[in-house]
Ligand code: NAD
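First, one chain by itself: the form predicted on its own, in structure tokens.
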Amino acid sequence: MNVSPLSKPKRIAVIGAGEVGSTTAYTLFLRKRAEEIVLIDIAKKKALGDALDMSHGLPFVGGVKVWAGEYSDCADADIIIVTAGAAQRPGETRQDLLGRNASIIQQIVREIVAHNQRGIILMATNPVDVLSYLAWKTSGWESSRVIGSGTLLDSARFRYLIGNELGVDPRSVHAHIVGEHGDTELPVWSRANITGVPIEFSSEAKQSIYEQTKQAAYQIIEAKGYTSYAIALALDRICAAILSDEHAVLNVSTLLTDYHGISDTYLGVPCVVGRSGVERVIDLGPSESEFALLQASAKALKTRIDWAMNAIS
């Protein structure tokens, strides 16, 4: 009798055991997103502490093996989430982080690809669009397998604020933030709707909701020093789409090629995400004024990408 071999357990490696990394690992652990979760950090004692802390909760959860490991543990990982890098300080923009994080990410990606050639890299370190591009270039992989968290979290904040204003469950709000995960991001009001019904707000209300969305991270960092919970949930959502081959539409950061004339730039736009990573980009068909803002966002990012690539060359 022929016995088929057991399938390989799903493994997610989380590189960086700071606030975002540890919260992401815990979220994945609680949701049993993979059978194996490995935490990797230069601060090995912190990664070990997180792994032990979660493992002691296995009698309440079960089904997940968690450990602190090395880059060699990326070898069998289906997804490698990168959260490592310098953290954003109060009053500091995401772009201020670029100089400090570019060389860190380049070295991390080199370590990943030395052990893994088939997985998917999911970038969360800021500025995420620029660093996702840098990670793609460093890896030598297809761009579809190097994904940034993009504007998925920004869009969730946007939907929350709209739902809060209208007294509607944010899960019923269909609205998108696109472009940079940062100061040049833009709301696509022309496509915002609730069950197909366009959302009607005054210009003042729209501007207020947009500003609250854009400033949300700064507000949280000012209040508690970092963001962690919502970004962890966003990363978990991307992992679910990949591992379950959902073909879900998520606003992730991906390489654009002739997207309304935008090329060779990572931007947050709606994409179909499945087991192979980004399968295709969805064109929202923004209005003329929204398209102009998207082009401006792409131009700003392209300048920063060129600066980062020159800095590490």
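Quick caveat, the model's predicted, so the values are computed rather than measured. Residues carry their position along the shown sequence, with the first being 1.
Just so it is clear, the following notes concern the form predicted together with the named molecule, a form of the same protein that is not shown.
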query	finding
Complete contact of Ala135, Thr265 and Gly268 with the named molecule in the model of the complex (any heavy atom, 4.5 Å)	no
Candidate stretches 184-192, 161-169, 201-209, 224-232 - the one whose heavy atoms come within 4.5 Å of the named molecule in the model of the complex	224-232
One residue of Ala240, Ala75, Ile104, Ile220 in contact with the named molecule, assessed in the model of the complex (non-hydrogen atom, 4.5 angstroms)	Ile104
Exercise: Gly85 in contact with the named molecule in the model of the complex, heavy atom 4.5 Å	yes
The named molecule contact in the model of the complex: Glu36, any heavy atom under 4.5 Å	no
In the model of the complex, Leu153 touching the named molecule (heavy atom, 4.5 Å)	yes
Ile42: touches the named molecule in the model of the complex, heavy atom cutoff 4.5 angstroms	yes
Stretch 123-158: residues contacting the named molecule in the model of the complex, 4.5 Å heavy atom cut-off	Ala124, Thr125, Asn126, Val128, Ser149, Leu153
